[in-house]
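Before any questions on binding or motion, here is one chain by itself as structure tokens, the form predicted on its own.
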Amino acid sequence: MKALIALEDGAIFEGESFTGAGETSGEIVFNTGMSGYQEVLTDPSYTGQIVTMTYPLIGNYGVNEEDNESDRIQVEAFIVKEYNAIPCNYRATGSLADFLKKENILGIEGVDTRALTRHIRVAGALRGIISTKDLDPDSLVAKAKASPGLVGRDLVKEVTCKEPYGWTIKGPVAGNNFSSCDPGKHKIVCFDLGLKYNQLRLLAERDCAVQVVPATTSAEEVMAMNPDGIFLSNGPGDPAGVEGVIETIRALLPEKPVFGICLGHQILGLAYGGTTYKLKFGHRGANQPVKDLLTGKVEVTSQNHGFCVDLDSLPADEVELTHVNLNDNSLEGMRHKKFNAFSVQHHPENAPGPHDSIYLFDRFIETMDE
């Protein structure tokens, strides 16, 4: 089934749907990972975005229930060069096409993803639309221009949990104030800004009782639970558009150790008094080099973000740079000199990706042991 991809700047790309008819819009971005497409699809950080995979063959190992990073597919649509309809892997319980069809997500193949990626690298991440129903380029470009972008939007409210839950060996279980989670030495309150399940798994593996709360939870409600630490998850969109969370975290900083990842890192930057800006085309993939300035080691990291904290906007006497991106020298990690708080822009929980940065979860445990 023929499909057209139209970008807001007038660029048109052709492909074919392998999931049926449909039409959807979003910011079109690219991911440079060679694998991990199921984790990408279920990562809430991709809400509002259409993902293009740069690796040319996708779908070869199918999908399974264990590799989901949330309770549903989060991307608006999925673009690949070539779709493999016959998965071959002992863990596979279904095909990528069936996985997408189940949730009415468009999957498009036969696209010149190299040309599309190059266009995004030159022009920047753009609003776009995919359709099998409307094949008029002018009409689609107009729709792309009229679609909402990411700047200023609060996408966290669309992905955060509606009710608190605890993390168990079997997964999430409804409950508040650590009533339903597996027990552990340290009690962690996790703000769900659009979290990935593997973050909770890694905390639980480190003898932590993990209580997940909605992003709208107040500082008073958190302190009433008497946690040993606060964890700020990843999430989608523009951190400056997120309502209420910044003030909540600012109030919690003097009270408990805080560890933030991705959007959680950006929220901390804003809570410190800094600002954020939109990257030209973002960092998305499982192969991004980052240097830990505290140890001098270079890590290969998993990343997914389109916004960044402006280092120059942070108070230099209060915030220390700890990690830097070796591709563009953007800020990848920081820690506060007064408060017990640190964060990174990349994803140390991997899923998908390398395990180079997993030590950061151990570092978080150490801050609570001090």
Partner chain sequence: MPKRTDIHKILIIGSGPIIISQACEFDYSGTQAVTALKEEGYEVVLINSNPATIMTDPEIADRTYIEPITPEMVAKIIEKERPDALLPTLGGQTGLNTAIKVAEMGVLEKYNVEMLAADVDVIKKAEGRDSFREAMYKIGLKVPESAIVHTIAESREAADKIGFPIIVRPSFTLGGTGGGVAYNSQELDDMCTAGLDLSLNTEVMLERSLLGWKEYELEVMRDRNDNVVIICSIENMDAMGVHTGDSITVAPAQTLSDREYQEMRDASIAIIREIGVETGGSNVQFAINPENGEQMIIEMNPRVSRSSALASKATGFPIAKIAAKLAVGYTLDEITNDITQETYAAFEPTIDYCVIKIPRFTFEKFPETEDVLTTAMKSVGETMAIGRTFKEALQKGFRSLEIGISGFGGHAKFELDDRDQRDLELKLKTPNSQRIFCLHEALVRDMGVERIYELTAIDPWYLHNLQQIYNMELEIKEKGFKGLQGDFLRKVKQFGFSDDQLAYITGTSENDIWQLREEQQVKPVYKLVDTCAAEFEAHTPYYYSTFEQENEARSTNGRKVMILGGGPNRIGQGIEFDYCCVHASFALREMGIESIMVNSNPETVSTDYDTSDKLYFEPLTREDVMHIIDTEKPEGVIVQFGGQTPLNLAVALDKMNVPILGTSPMPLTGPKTGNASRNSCKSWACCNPITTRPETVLRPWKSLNASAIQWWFVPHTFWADGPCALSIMSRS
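Numbering follows the first chain given and starts at 1. Since this is a predicted model, take the numbers as computed values, not measurements.
Unshown form predicted in complex with the partner chain; subsequent notes refer to it.
- Across the options 156-164, 246-254, 209-217, 74-82, residues that bring heavy atoms within 4.5 Å of the partner chain in the model of the complex belong to 74-82.
- Interface membership of V151, defined by any non-hydrogen atom within 4.5 Å of the partner chain in the model of the complex, is ruled out.
- The closest non-hydrogen atom of L294 lies beyond 4.5 Å of the partner chain in the model of the complex.
- Taking the partner from elsewhere, S147 is found to have every heavy atom lying beyond 4.5 Å of the partner chain in the model of the complex.
- Contact annotation: L135 falls outside 4.5 Å of the partner chain in the model of the complex, judged by heavy atom distances.
- The partner is absent here; in the model of the complex, the one residue of K278, R114, K101, H186 having a heavy atom within 4.5 Å of the partner chain is R114.
- Within 4.5 Å of the partner chain in the model of the complex, a heavy atom is found for every one of E14, E66 and H355.
- With contact defined as any non-hydrogen atom lying within 4.5 angstroms of the partner chain in the model of the complex, R201 is the only contacting residue in 199-213.
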